[in-house]
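Next up is one chain by itself, shown in structure tokens, the form predicted alone.
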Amino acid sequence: MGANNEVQIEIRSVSKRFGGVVALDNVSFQIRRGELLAICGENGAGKSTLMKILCGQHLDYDGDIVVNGETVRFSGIKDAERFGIGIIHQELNLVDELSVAANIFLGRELSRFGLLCQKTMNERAAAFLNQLQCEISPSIRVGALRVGDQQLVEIAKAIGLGAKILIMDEPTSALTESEVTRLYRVITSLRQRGVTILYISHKMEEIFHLSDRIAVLRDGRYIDTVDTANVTPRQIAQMMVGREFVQTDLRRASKHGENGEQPVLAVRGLWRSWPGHAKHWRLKDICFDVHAGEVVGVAGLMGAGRTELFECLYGCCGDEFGGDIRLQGEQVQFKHAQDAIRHGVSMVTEDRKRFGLFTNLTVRENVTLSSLEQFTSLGWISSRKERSVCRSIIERLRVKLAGQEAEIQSLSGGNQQKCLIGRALLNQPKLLLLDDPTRGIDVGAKAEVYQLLNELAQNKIAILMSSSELPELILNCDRIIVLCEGRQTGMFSASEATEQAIMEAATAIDVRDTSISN
């Protein structure tokens, strides 16, 4: 629809690093004028990083961006807007307390003699919204709108900026079915007006419904661009994960549950609300078991609900949730993390810097923080016992550090993660929750975490772990459950788990059997 072979944007050998992490590695491809190009890849493939370069958010990179035949080096977002490039983030960039019109004209307000021309801005904002065939009052406060309407305000803002190239990052992630249908109509209208759209999404159904072509990134590298009409969703999933889906040698074959032993954790019909959002729920009808000595993985793309699941199980969920959660047969629903710890549940958070580490404390204080009762008598903490236990954990996990009294932030990411795992183990858990435990650590540290997982499972600790890396789950897990947009769309045994099967379930290409029988 309106697409042709004329090149509008050319990306030439673009690379981007964040410290020692390579986010983009020599990426080169072309974007045609008037097309809808879907950008696909796993979490961490480099999609959002590349889009942020294109819209002027990331300024420090190697390589060249060519727009309409001119090599450009944007100095910021406003500079990119001058070239007609706009972006609509998954997390909308609006000011709730301002009106629709004020948001549309934010930073470029119309004024006369130093006074705002509110009437003119309202009229022009209404005209932009009419182009999108939506009836939203320009004077209403943005915070009073539903997410779908807020998204249309963002698009109207881009129209007001004269955007000829519009980047949409996961635009349907929080929309209802009717809002998705309306967005499709808006996209059709934009394309009829000659707007080029770069569309990031994990949802294969909408990618194949909307796009002319699909560009695939993997591990920061460009793989290929293909005509949508000439490929299948399975082929795109295969391109996203690579390695020809060769079955990884599994750590061990699982026989847990075959003899009818009681699971350590049994979850039936778990749900979690999502107040104020169109979908109303973050999780819906989740069912699975975890047995002693078993490692169960949780797979899913960004926004699938992995962390939300762990928060419900650990008692740090701020939303209403329910369902039947049983720990060794006892029905539980923890309201606080301390309740979970008392019942033998420990958790290592996905975001150690924000929710795990106390950066102003020492290694010793971080490791022993949640188990001080073990060293306390008559209200006094035995420093000798505390240091002795901390030393044993450090030695067991082979933490590299100058000493227990070193600042936790002086350690490498991998050693910080070991300290958090050590903190969790000091509580002697029956159930260990590991939310993306190797995120942000190097290959050597990952291998040590994998070895530790195996040792803990052999010691009959039940482990539930999530990861954004499919090979990691396949290597370490006896079974893997898959989430897609808060629903359970797959359950795979070790012998069934392949990257292709997991990716298909994670994108809801093929809803697999989610029964809890093993």
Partner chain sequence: MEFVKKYLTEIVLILGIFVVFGVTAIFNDAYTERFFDNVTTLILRPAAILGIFALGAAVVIIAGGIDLSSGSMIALSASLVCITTMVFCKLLQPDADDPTGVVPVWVVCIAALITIGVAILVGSLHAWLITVVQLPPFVATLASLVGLRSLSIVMNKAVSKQFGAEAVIVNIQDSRYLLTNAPWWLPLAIFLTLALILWLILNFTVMGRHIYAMGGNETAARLSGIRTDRLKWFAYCFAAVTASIAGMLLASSVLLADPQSQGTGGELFAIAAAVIGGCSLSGGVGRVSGVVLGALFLRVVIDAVAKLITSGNSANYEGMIVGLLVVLAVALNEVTGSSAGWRKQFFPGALGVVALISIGLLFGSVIAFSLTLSDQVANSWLIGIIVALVTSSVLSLIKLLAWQLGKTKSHALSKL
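Nothing here was measured: the structure is a model prediction, and the numbers come from that model. Positions refer to the first chain, counted from 1.
FYI, the form predicted in complex with its partner chain isn't displayed, but the following is about it.
Of the candidate stretches 114 to 122, 217 to 225, 360 to 368, 163 to 171, only 360 to 368 has residues whose heavy atoms lie within 4.5 Å of its partner chain in the predicted bound form. Between its partner chain and the residues 372, 402, 110, 144, the one pair within 4.5 Å by heavy atoms in the predicted bound form involves 372. The listed set 336, 398, 391, 384 contains one residue whose heavy atoms approach its partner chain in the predicted bound form to within 4.5 Å, identified as 336. Within 4.5 Å of any heavy atom of its partner chain in the predicted bound form lies no heavy atom of residue 193. Contact annotation: residue 344 falls outside 4.5 Å of its partner chain in the predicted bound form, judged by heavy atom distances. At the 4.5 Å threshold, heavy atoms of residue 64 reach its partner chain in the predicted bound form. Contact check for residue 184: no non-hydrogen atom falls within 4.5 Å of its partner chain in the predicted bound form.
Heavy atoms closer than or equal to 4.5 Å to its partner chain in the predicted bound form belong, across 415 to 430, to one residue only: 423. Pairwise change in the predicted bound form: residue 469 and residue 60 C-alpha atoms lie farther apart than in the shown form, at least 3 Å.
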